[in-house]
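One chain follows as structure tokens, the form predicted on its own.
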């Protein structure tokens, strides 16, 4: 029997490979951060994780969030998006310091790790601080400096330079960070600015992360100003390519969907935030039917309020069933894939993460299903989607390193971080 550095044994392994193979019981052998074996045979390891009574999945990929907004959790509740942003969030964000962002990102990265998120796509400010936090906790990040042009008193070139400098410095940093450019939204950036973002992304070889068509009033205003939808306008300036991920994508017409599919643009579906802010429900079922890449996102902790992808899988599925009045919409099997392999595809990282396959990096989550509410497990996909919670995550491996063991984060002193976090919240809010 071959022996590996790490062996995961006896679990129900959801591989998320092309055939959606399930091994029950299944084993995984890990060497040098890479998956070297997956299948039904027994394996041994220098370090072993007994996954008996557990579902084993690829790491969850959170396709859209604003991680330092843990600082805003449980504040400014029950407000519409425009009022929430302009009257509450943006004034406090104007007082943010790098140290606030760092500790907010540390808390977020810790929360995601403990909930089985091994990679996330983030847009905010002081992103060098976020990058440091991500690496300290030991997960992966696709990070972009948020570029808000039209509501800023700074020159457009200065705003863009801040984003490009971050991308140039941090793309590929420590093998765990990828950079993107993050123009905030169609209502906060001019078309000329977005054209320049496209040019810079091409020059740097990085992707683009943008909010788009999230709520109806800004879309209607955009159409009145430009005579076309945001998607059509962005397509005309050559902005839309397969390295673009648009968050929300709720107010799209049929022609918009066709353009997104033809340009191979990816979408981040954020059901909890969209429901909480009463933004609307995206046409996810139709997007997936025509082959658009869709990943699942939590959005920021200020508008969710958690970074729990397992919890959000259930809501993602239920919202689509309600939208289409069809109980077969976005079934459990599809939403688990969306939260893992689908997210990796949306971020163009599926060549290395997103599924449990030989040759991919070892990002693996062990979920304890020896709990009353899971029983009986007739189907692991439905059990995980409709019964699960991030608090059920027991062990997390990222790049072949065990960062959560028996529900305890192994990489940072979380109690010390939470003390610093409390001081930061007090400093910002009084």
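The structure presented is a predicted model; accordingly, all values stated were derived computationally and were not measured. Numbering follows the first chain given and starts at 1.
The following text describes the form predicted together with a further copy of the same chain, which does not appear among the structures shown.
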(Q) So in the predicted complex, is a further copy of the same chain close enough to residue 44 to count as touching (4.5 Å, heavy atoms)? (A) no
Q) Is there a heavy atom of residue 115 lying 4.5 Å or less from a heavy atom of a further copy of the same chain in the predicted complex? A) yes
Q. Is residue 70 close to a further copy of the same chain in the predicted complex, meaning a heavy atom pair under 4.5 Å apart or at it?
A. yes
Q. Does residue 379 reach a further copy of the same chain in the predicted complex if we count a contact as any heavy atom within 4.5 Å?
A. yes
Q. a further copy of the same chain isn't shown here, but in the predicted complex which of 262, 326, 254, 192 has a heavy atom within 4.5 Å of it?
A. 326
Q.
Can you work out which of 172, 98, 238, 331 has a heavy atom no more than 4.5 Å from a further copy of the same chain in the predicted complex?
A. 331
Q.
Each of 305, 318 and 421 within 4.5 Å of a further copy of the same chain in the predicted complex, by any heavy atom, yes or no?
A. yes
Q) Quick one: which of 229-237, 355-363, 135-143, 73-81 gets within 4.5 Å of a further copy of the same chain in the predicted complex, going by heavy atoms? A) 73-81
Q) Can you name the residues of 390-405 that have a non-hydrogen atom within 4.5 angstroms of a further copy of the same chain in the predicted complex? A) 390, 391, 392
